[in-house]
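The form predicted on its own is given below as one chain in structure tokens.
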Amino acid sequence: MEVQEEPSIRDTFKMSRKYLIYILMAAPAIAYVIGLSIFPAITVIYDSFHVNGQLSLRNYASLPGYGLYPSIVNTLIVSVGALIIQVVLALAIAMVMVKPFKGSKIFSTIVIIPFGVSTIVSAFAFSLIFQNVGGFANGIIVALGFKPVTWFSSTLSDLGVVMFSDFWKNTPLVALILYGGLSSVSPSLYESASMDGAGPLSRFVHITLPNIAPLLSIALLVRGVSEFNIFALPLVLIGYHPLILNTLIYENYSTLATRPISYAAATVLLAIIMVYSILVLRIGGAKQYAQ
């Protein structure tokens, strides 16, 4: 049995110096996160529980009167709906991108273009597309022989326009993440499964999904957090009606008297994002990725 030698003081010093260099290199990023994310979040949470310098739940008790519950429902509809569409469409795009074919580079370039468009620019473009009179969408519908649609006529149609605009812009990011996962799957796995008689659906369920689960979890986490924080698109397309959580926060933050209400609404949004993130990390394959 070999006896392991204990590290010398010199070796320990070298290791400590190496780790110190890593810490110093990460220090700017850590300072950025603490200074511009964690500290402001703690400050907002603290202020949301105080009224005139005293601990109170009055801000939260007042939230329903400002449209809290409808804004939560609308946020969930837009965020979850857009996220489901993005994942399904992105997976289909990634499965096309991973197979070599003539014109694949052109196809990949076209897929990425929407992600490079500014959010405000895409919001303005879709406001023109979905205009009730003279909009491009109604122009196509009329050309096909159907009656024009009043796109902004109800809460669901308003949210549908926002959802459509959002998944058009952000699907490329999910597609690129899933493309990385699909590229790492060995073709020999599919060949072996085919020889054993597994059909396309069986190969997708038992080979593709388990292998891309970690990256799918990352995509759901990154895009899910962004979806719950959606702001510019709905503000340009539908304004403050119907409300979502971020427009509710912004509307009340702009007035000094209702600013504590915006702090409480922001804390509610943070709680929703935290719950969502924990669920994704627990059941979305993060454990496999860590292994």
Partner chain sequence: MPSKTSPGIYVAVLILAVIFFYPLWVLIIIAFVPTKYTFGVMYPIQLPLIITLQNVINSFREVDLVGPMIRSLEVAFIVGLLALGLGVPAGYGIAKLTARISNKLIAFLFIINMMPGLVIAIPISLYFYSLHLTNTVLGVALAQELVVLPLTVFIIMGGFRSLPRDLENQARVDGASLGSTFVRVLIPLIRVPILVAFILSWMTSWDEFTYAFIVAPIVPTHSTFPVTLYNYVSRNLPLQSATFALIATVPIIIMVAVFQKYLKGQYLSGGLVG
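The shown structure was predicted, so the numbers you read here are calculated from the model rather than taken from an experiment. Positions refer to the first chain, counted from 1. Definition used throughout: the rigid core is the maximal C-alpha set that superposes within 1.5 Å between two forms.
Although it is not shown, the form predicted in complex with the partner chain is what the next lines describe.
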{"query": "Exercise: residue 115 in contact with the partner chain in the predicted complex, heavy atom 4.5 Å", "finding": "yes"}
{"query": "Exercise: residue 211 in contact with the partner chain in the predicted complex, heavy atom 4.5 Å", "finding": "no"}
{"query": "Distance check, residue 145 to the partner chain in the predicted complex, heavy atom within 4.5 Å", "finding": "no"}
{"query": "4.5 Å heavy atom contact, residue 255 to the partner chain in the predicted complex", "finding": "no"}
{"query": "The partner chain in the predicted complex reached by all of 48, 66 and 160, non-hydrogen atom within 4.5 Å", "finding": "no"}
{"query": "Neighbours of the partner chain in the predicted complex among 244-259 [non-hydrogen atom within 4.5 angstroms]", "finding": "246, 249, 250, 253, 259"}
{"query": "Threshold 2 Å Cα movement between this form and the one not shown for residue 24, core superposed", "finding": "yes"}
